[in-house]
Structures are given as structure tokens and as C-alpha cells.
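The chain that follows stands alone, in the form predicted on its own, written as C-alpha cells.
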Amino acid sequence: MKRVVIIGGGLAGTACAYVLKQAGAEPVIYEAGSELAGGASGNSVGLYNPRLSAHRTPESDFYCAAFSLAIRTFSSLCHSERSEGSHAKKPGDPSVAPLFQDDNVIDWNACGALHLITDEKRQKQLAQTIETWGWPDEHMRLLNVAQASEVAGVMLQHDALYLPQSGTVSPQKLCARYAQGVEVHLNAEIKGVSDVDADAVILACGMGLRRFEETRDLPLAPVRGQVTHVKPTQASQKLRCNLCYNGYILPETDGVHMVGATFQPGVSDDAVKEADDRENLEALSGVAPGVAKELEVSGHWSAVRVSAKDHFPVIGRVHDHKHLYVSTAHSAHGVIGSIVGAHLIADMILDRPLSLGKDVVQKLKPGRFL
């Protein structure tokens, strides 16, 4: 049985633990913080979408595979046999993450998503997306404004691309579910790859990769984003699916809509800013004024994600280091990118056929920057 140390307890790290454990390996998570999903994976509700593009490329093939695999994974997690058990944890000590008894422990809601067509350029791009991706109508189709309004449950002003299988999930709870039954060390900052005893090491700690000599030269940069929580109104509470534009609003969950998100490359300060709440609400008002009317801010959440200089994830074996792997730079698509990335890394560690094509693997690998 291969022992694999995973440094980082967010989506990327816990997804690797989940896939490796399923495959019969022995994953161990080391998280520098006091809890799993304490950083960019800590949002209580997150949307999942493929990253849409007009053409089929290695990038679009990655996101197609990631979206499809994520949906199957969520379904499996929510319909698996209920288990019982728990294991007490102490900060800094190894532990086994508790098992769960609720069928939908990840708060998965496949409510669908409408990508609003706000200008002619977007119209052309999304029409070409449908043509080149070749997905059946039941998975992707264009709707006129009346059809889009009917799907949304609220009056809209734009045609839209409809993805019925998009939705929301709790990244926090997803990380906890991925780590079920896995040995977890909290408050455990690893200073060097050689400090751990393992058959393989996976670095999945975001900008923390800069701490390690083997990965400090990767061209990674912080990207700050802030989500605004708003109280539902009589009009907004009728919203039945995600609305995506140059931002998004999610249906009410536990008495709150999530409206997001600002995008600030190069910013590593995660302090909440009132100006970002205004920016989020102004963007919503510009495309769906009826939904945005009289919304009141009730809270906010901000975090710093990681992006590579070519805006594509970095997943695979580190050049010239046979047993060292990374999964990072998932940016805004970490919910889906982390799970397909975990399968790819598991394939490499366990010497299995690779689950992604050669062009995609080459595009993802850390050595592409050399």
C-alpha cells in the first residue's frame, strides 16, 4: 500500500485523499490551519460550472471532463450507503475524519445555471460553444428571454445559455466528505518535502507552494475575490437557478443569496471591503434589476485563490522530482477541477492509464513553464 502525504486541506488536497483512498492507497493530509477548508475552499455555498469557450481545446476538454466527473462524484457521495462513526480530534494530532450519516452531506443542489447573453459578442461566443462542444440539448441549450425567465422563476431581460446540470455545493462540506476516514493532521505546517516519510508527496496548498524549494519558481499569483450575502426579497426568493453574467447570484440557501464575485489579480489581502459589496450588487443590477431591487447586505466572505500566469491549473508531477506532485491554480473552478486533477495524479502515482488525453496532460503539467 502506497503512503501518500498531501500538504493542504482544501478542495485540491482533500479530493486527492478521497481518490487515493478509494484506490487502496494510504493518504495522509497535513493542513497548516486549524481546520480543513480554512482558506479559499471555505465558502459555505459555491457554484460549479464548466469554463465555457467557443472552441474545443485542451483547456475546454479539461473542463468538460471535470464538470462531468464532478456531477458523478456528487451523486455518488449523496447516494452512498450511510455510515456511522466518529473520531475525536485534537489540534496538531493525527486523526481520522468523522463519518457522516446524512445522505446529502455536501449540500448538493443541481438547480441549473443560466449564463445571460448580455451583448452580441457573448451571443456569438455561446452559440459557437454549443456548436463545437456538441452537447445534447438536455445538457446545454440556448433559451430566449421568455424561456429563460420561466426557468429562472423571475423576470429576466436577456436570452441565456442554459446548463441544467450546473448547481451549487458546499465547498466546506465537500472537503469534509472527501476527507472521510482519512488521517488528518491539523495545525501542522510542513517546511520541506523531505520532512515527511512517504512514497509520494502532493503539494496542494495554494500559494503555500512558494515555501518549497522544488516549486517556488512556478509562476503563481494570488487572486482576491469577495462574495456578498444578501437577504432575499419577495421577488428574489422566487429565483430557482444560478444566474451567471460578469458575476453571479445563487438561489436562496438558509435565508441568504450569494452574490459574487469580485476578481482582483495580484491582491493577497483577504480583508472584507464594503466597496466590493457595492460592486457585486451593481453588477447584478445591470443585468437583472428586478432581482437586485431592495436587496440588503447581510454579510460577506472573501478569500485569496491562486492562478497561474496562463490562467490554467497546474496539475501533475514536478519536473525532475519523481515522487513529487502538485495540484494548484484552480482559481474559480476548483470545485470541479480539483476532482479530475485528483484522478490524474492518482493515475500517475499508482501507474494506471491516464484518465485525460495527452494534450490535456501536457497543458496541465508544471514543467510547461520551463
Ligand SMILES: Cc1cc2nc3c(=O)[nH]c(=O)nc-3n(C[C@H](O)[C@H](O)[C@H](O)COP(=O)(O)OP(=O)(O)OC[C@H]3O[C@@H](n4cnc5c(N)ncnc54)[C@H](O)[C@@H]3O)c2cc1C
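Keep in mind that this is a model prediction, so the values were computed, not measured. Residue positions are given as counts along the sequence shown, with the first one as 1.
From this point on, the text means the form predicted in complex with the named molecule, which you will not see here.
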Selected contact from Leu52, Ala65, Leu324, Ala303, since only one has a non-hydrogen atom within 4.5 angstroms of the named molecule in the model of the complex: Ala303
Among Ala332, Val28, Leu69, Ala308, which has any heavy atom within 4.5 Å of the named molecule in the model of the complex? Ala332
Leu163, heavy atom within 4.5 angstroms of the named molecule in the model of the complex: no
Closest heavy atom of Ser44 to the named molecule in the model of the complex, within 4.5 Å or not? no
Quick check on Ala188: any heavy atom within 4.5 Å of the named molecule in the model of the complex? yes
Contact flag, Gly181 vs the named molecule in the model of the complex, heavy atom cut 4.5 Å: no
Would you say all of Val314, Gly316 and Met348 touch the named molecule in the model of the complex, counting a heavy atom within 4.5 Å as a touch? no
Quick check for you: of 110-118, 208-216, 194-202, 142-150, which stretch puts a non-hydrogen atom within 4.5 Å of the named molecule in the model of the complex? 208-216
Taking heavy atoms and a 4.5 Å limit, what residues of 5-22 are near the named molecule in the model of the complex? Ile7, Gly8, Gly9, Gly10, Leu11, Ala12, Gly13
